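A lone chain, given as structure tokens: the form predicted on its own.
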């Protein structure tokens, strides 16, 4: 290579690598255009839009009030330039001055007015310090996505500090790109839209099949069809995951509602119709803990669900022990009377709560760890409140299993469940075991109420919604077995969630009930039977 070519090549590379410097805004000419005729005002509005896209922060801040001043007729033009009347400053220098005697206020035509409104929104989106003003500007731009200048939303999203508003800007950018005049830009936008499949994205892309370009441009048509197929596939996967997740969430609630009943029914054979009301008491105790923290320790209010765990368990366990000692202990040989007695307790608790708290739904704070969710795919959102219920059910299952399998109380419960007379003969205090087991089952019902409080409405009637489901789980799983309760809750929960979208909630209940009846005709002892009960 000749010696003179190397410096020339370096100079060329440097020139190419150096970014183009935007031409500084000619403020005087811009003000003159805004004070001119209709054509000049249109050019001035376009300059304001270009400033919003590529102007410096100082130029955007200077230009921001001009579009609104024209729209509101707040710009007074005179021989020295123009004045922003409301602010009382010169439009160019922003120094205080009065408008001349023969100043006139330019009136934007209908065509120019739309352009000035677009410029006003674009400048507010880029330069307004208040997030509410930027959000309002974005709403204005959303009404005419096809007119949004290219590049505006990309630079606005890059500089937007608020994550939520930045996501909205990105969504509008995709919509605007789909309506771009450049086919290549539209095809790139289709690919980006298909990356986040949802029913909203499918609506946007499906509308493009009516676009003239869909029939005239084969490449565009192919891109639309491919994006539609990707979005539909993502939605289908999301629907399957959402069904499984909702079914698992419903199963965890059924398990928590039924595990206490399984222990009581399995040990003593008592059909405790007040179990649903013990769930309701657990939810109300959680609300009382929340209110107590609100006044005594507001800084801990977000953690009331965690703090309420021992309180809800102990209060409902104490109520259960009191019911067993005062009422059920005398009715063990009379199952019909014990059934009626627990029904009476159920009605008593419902009306007692009505008198004390009223019949309205209780208001719960939503702590940060159970609010919101994470979008996964399609319309499936991994919600934290349902995940809290699932995680709580898993912990409850582990603790219940540990108590029943690893503690002396659990050993006594299993012995009494399998053969009460033999257990009494070897010295196990069966009456005390009954009382402790009833307290354990009632405490677990209270924990179920705590877990339900972030998801369901808490009122005096809430317990009756779970008592039938709880008995279905216990009977199907096998009376008194933890494994049976888990499997039955998972089965009923998933089947119920699968059927409900097809035939409705009531039909789903009936179908599940018929399936359980048919199953029990074949296996009356349930899925997992306790050995002592099969003899």
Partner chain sequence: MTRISRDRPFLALIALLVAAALTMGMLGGTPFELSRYLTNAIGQLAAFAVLALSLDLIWGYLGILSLGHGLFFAIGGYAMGMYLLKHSFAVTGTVPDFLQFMGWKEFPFYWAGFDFFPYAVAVAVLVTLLIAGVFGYVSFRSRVSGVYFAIITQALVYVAMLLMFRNDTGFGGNNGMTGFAVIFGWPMGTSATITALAVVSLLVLAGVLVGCRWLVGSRFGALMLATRDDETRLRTLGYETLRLKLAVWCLSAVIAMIAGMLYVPQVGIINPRLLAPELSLEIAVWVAIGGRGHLVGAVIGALLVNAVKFWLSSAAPDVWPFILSGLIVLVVLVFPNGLVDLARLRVARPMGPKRLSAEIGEAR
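These numbers were taken from a predicted model, which means no experiment stands behind them. Positions refer to the first chain, counted from 1.
The form predicted in complex with the partner chain is left out here; the points below concern that form.
Q: Can you work out whether residue 422 and the partner chain are in contact in the predicted bound form, taking contact to mean some heavy atom pair no more than 4.5 Å apart?
A: Residue 422: no, not in contact with the partner chain in the predicted bound form.
Q: When the contact criterion is heavy atoms within 4.5 Å, does residue 472 count as touching the partner chain in the predicted bound form?
A: Contact check for residue 472: yes, within 4.5 Å of the partner chain in the predicted bound form.
Q: Mark residue 273 yes when one of its heavy atoms lies within 4.5 Å of a heavy atom of the partner chain in the predicted bound form, and no otherwise.
A: Taking the distances in the predicted bound form, the answer for residue 273 is yes, it comes within 4.5 Å of the partner chain.
Q: Answer for residue 468 alone: is it within 4.5 Å of the partner chain in the predicted bound form, judged on heavy atom distances?
A: Contact check for residue 468: yes, within 4.5 Å of the partner chain in the predicted bound form.
Q: Which one of 226, 327, 242, 409 is close to the partner chain in the predicted bound form, taking close to mean a heavy atom within 4.5 Å?
A: The residue from 226, 327, 242, 409 that makes the contact is 327.
Q: Among the candidate residues 57, 483, 502, 506, which is the single one with a non-hydrogen atom no more than 4.5 Å from the partner chain in the predicted bound form?
A: Spelling it out, the residue with a heavy atom inside the cut-off is 506.
Q: With the partner removed from view, which of 301 to 309, 338 to 346, 217 to 225, 359 to 367 is the stretch that lies within 4.5 Å of the partner chain in the predicted bound form, judged by heavy atom distances?
A: Contact-bearing stretch, as computed: 338 to 346.
Q: Using the arrangement in the predicted bound form, list in sequence order the residues of 508 to 522 with any heavy atom within 4.5 angstroms of the partner chain.
A: Read in sequence order, the residues that approach the partner chain (within 4.5 Å, in the predicted bound form) are 509, 510, 513, 516, 517, 520, 521.
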